[in-house]
Ligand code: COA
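A single chain comes next, written as structure tokens; it is the form predicted on its own.
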Amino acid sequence: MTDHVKVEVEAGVMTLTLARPDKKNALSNAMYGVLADGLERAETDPSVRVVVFQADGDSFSSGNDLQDFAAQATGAFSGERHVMRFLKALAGATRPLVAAVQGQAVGVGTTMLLHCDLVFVSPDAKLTVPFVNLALVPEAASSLLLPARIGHARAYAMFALGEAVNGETAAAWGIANACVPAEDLRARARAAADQLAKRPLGALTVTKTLMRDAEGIAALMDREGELFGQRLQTAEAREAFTAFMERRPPDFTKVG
């Protein structure tokens, strides 16, 4: 479907590597499709006991490909949208999910981490969820999961003001398990995944299902997705994406 996501399975660990470094690993519709396929396969393939997310280049992900967003906002997009498949696969995942995060983690690049069981970040990590800046709303059930993780005040500042969180702060706040040197990042995540792969899978699965309300999370994703889609059609969103394409600051005062 795309060469921008590499899929490897070794010793019980499926590694999904974002491989679009020239675009800061911005997630296209095709990339979402491969990620969703990988998570769906992990649920049924006995050779997969753990899934690791990582990325090539200096960024984990700059978030959704804004060209795709702009096409949706203007009605120019056609075909199946795979983002919801990916989000629902995250919500329903019973396999342990591990992430190694460096550089930018924007939007879904951060919200997907809230579904991971172990997250390791480098000091230069920069986690942002600037949905309001684009006249949009949170997704991936982050409207619940982020404040549950770090508190309302911190989450609201990230959502509404677009405030960034660095690697050390992400670890201190509990978004990540640890902040580790960039050169050790992948090895630390892989070592954790290898440990999990040797644990009894049944016990891990039941433990995870006890810790998460998968049905409730999926239902919230549907609600967020409905509102997200509505927001994409607003004058505010058109102004946000027009400004992006014209490389200028948006002026929301003229649209309400």
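If you're wondering where the values come from, they're calculated on a predicted model, not measured in any experiment. Numbers follow the displayed sequence, beginning with 1.
FYI, the form predicted in complex with ligand COA isn't displayed, but the following is about it.
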| property | result |
| --- | --- |
| Interface residue in the model of the complex among D194, D56, D65, E40, criterion: non-hydrogen atom within 4.5 angstroms of ligand COA | D65 |
| Proximity to ligand COA in the model of the complex, single hit among A99, M112, L134, V165 (heavy atom within 4.5 Å) | L134 |
| 4.5 Å heavy atom contact, Q104 to ligand COA in the model of the complex | yes |
| 4.5 angstroms heavy atom contact with ligand COA in the model of the complex for E246 | no |
| Ligand COA contact in the model of the complex: E10, any heavy atom under 4.5 Å | no |
| Exercise: K24 in contact with ligand COA in the model of the complex, heavy atom 4.5 Å | yes |
| Which of 201-209, 215-223, 183-191, 57-65 lines the interface with ligand COA in the model of the complex (heavy atom within 4.5 Å) | 57-65 |
